[in-house]
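Next up: just one chain, as structure tokens, the form predicted on its own.
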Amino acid sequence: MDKLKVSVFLDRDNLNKTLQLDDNSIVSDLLKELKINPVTVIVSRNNELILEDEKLKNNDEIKILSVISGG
């Protein structure tokens, strides 16, 4: 099976990572790989919000932004 390469920026850790995922991966697969609860983050590609079922493409640049809630 082919792999795709995705660059990920995690704002929570101020960290850039490059991951190899299966060719047919979607955003929720990426979050699972990073052990991130999808309810706690917003995901964007090219400064546009994308949903959990969005298919990832080779060389995507993804930002994972923590959702901050307060009381």
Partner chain sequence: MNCCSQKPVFEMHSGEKLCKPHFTEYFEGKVFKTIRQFDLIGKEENLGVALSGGKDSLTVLHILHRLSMQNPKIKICAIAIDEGIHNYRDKTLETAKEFCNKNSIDLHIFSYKEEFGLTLDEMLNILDVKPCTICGIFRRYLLNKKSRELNFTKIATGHNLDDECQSVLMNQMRNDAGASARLGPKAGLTQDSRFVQRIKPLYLCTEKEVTAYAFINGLLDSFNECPNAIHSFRVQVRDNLNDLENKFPGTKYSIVNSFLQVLPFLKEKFKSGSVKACAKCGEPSANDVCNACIYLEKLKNSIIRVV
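These numbers were taken from a predicted model, which means no experiment stands behind them. Numbering follows the first chain given and starts at 1.
Just so it is clear, the following notes concern the form predicted together with its partner chain, a form of the same protein that is not shown.
**Q** Does every residue of 41, 47 and 51 put a non-hydrogen atom within 4.5 angstroms of its partner chain in the model of the complex?
**A** Yes.
**Q** Would residue 17 sit within 4.5 Å of its partner chain in the model of the complex, counting heavy atoms only?
**A** No.
**Q** Test of understanding: in the model of the complex, would residue 65 fall inside 4.5 Å of its partner chain by heavy atoms?
**A** It does: once its partner chain is placed as it appears in the model of the complex, residue 65 has a heavy atom within 4.5 Å of it.
**Q** Although the partner isn't part of this model, could you tell me whether residue 11 comes within 4.5 Å of its partner chain in the model of the complex, counting any heavy atom of the residue?
**A** Although its partner chain is absent here, residue 11 would touch it in the model of the complex, with heavy atoms inside 4.5 Å.
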